[in-house]
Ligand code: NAP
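Below, in structure tokens: the form predicted on its own, a single chain.
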């Protein structure tokens, strides 16, 4: 594609910086969000406002969606005035939301009836990498469609991994977030144990840094947890949603996830305790008050 027109739907914590990166490198960008006020920052950097998903899809070559819940992506794509109503033959819908493989296949089927193409392309990374354009993008769909869209995806991510056919990007994302949820819960429990026996948590971080456990995660999220900084980069409620999707996918493929089920319960309890809008690392705050 040479300078394709892009539509971006969903301007939340992740979508706004991702869309901003596209317009900053010169892509003509049409944006829409259910909460109209969230469009303003993009208009200031050169994007134009769309009137709704169908109208956006009718005027662009590639539609990108980045919303938080499966029901939201189904509404903006399949609902009244949805993307499917406006999408043109030969154009592409890229869903970068974290949803189930089944949802991805449903969306792909719908746009295919309009002779359009589809990629599921969820991302690994939170607000910081989204702003820096260094996300890891996991893609499901035809290789030819991916190659058409690679120049667009490369603006938002440093690494693009083709997972396979439609739905495989979504499946790979859920497996990735499974490990992230385990890591957050495991570190929270270990940190509490270390502190309550009287150890300096810096000694614990030293061990992790010096061992095969070494990971940049501990130098960012881990240090934030030590400081009890739960500023939202990836909301706890969204991690809880992803854990529910993991359980549903595991059921579909007849796979037991006993540890993940226990982690999901911790996140469910944390959200019920009012931690849902905080970063997922706030599971530590919930655990701190358990006896």
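Computed from a predicted model, the values in this text were never measured in an experiment. Numbering follows the first chain given and starts at 1.
Another form exists, predicted together with this ligand; not displayed. Remarks below refer to it.
- Of the candidates 189, 72, 85, 209, 72 is the one whose heavy atoms come within 4.5 Å of this ligand in the predicted bound form; the others do not.
- Of the candidates 236, 64, 67, 31, 67 is the one whose heavy atoms come within 4.5 Å of this ligand in the predicted bound form; the others do not.
- Contact annotation: residue 264 falls outside 4.5 Å of this ligand in the predicted bound form, judged by heavy atom distances.
- At the 4.5 Å threshold, heavy atoms of residue 133 stay clear of this ligand in the predicted bound form, well away from it.
- At a distance threshold of 4.5 angstroms between non-hydrogen atoms, residue 97 is in contact with this ligand in the predicted bound form.
- Among residues of the shown chain, residue 125 is one whose heavy atoms approach this ligand to within 4.5 Å in the predicted bound form.
- Judged by heavy atoms within 4.5 Å of this ligand in the predicted bound form, the contact stretch among the candidates 41 to 49, 22 to 30, 239 to 247, 252 to 260 is 239 to 247.
- Along 149 to 183, a non-hydrogen atom within 4.5 Å of this ligand in the predicted bound form is carried only by 173.
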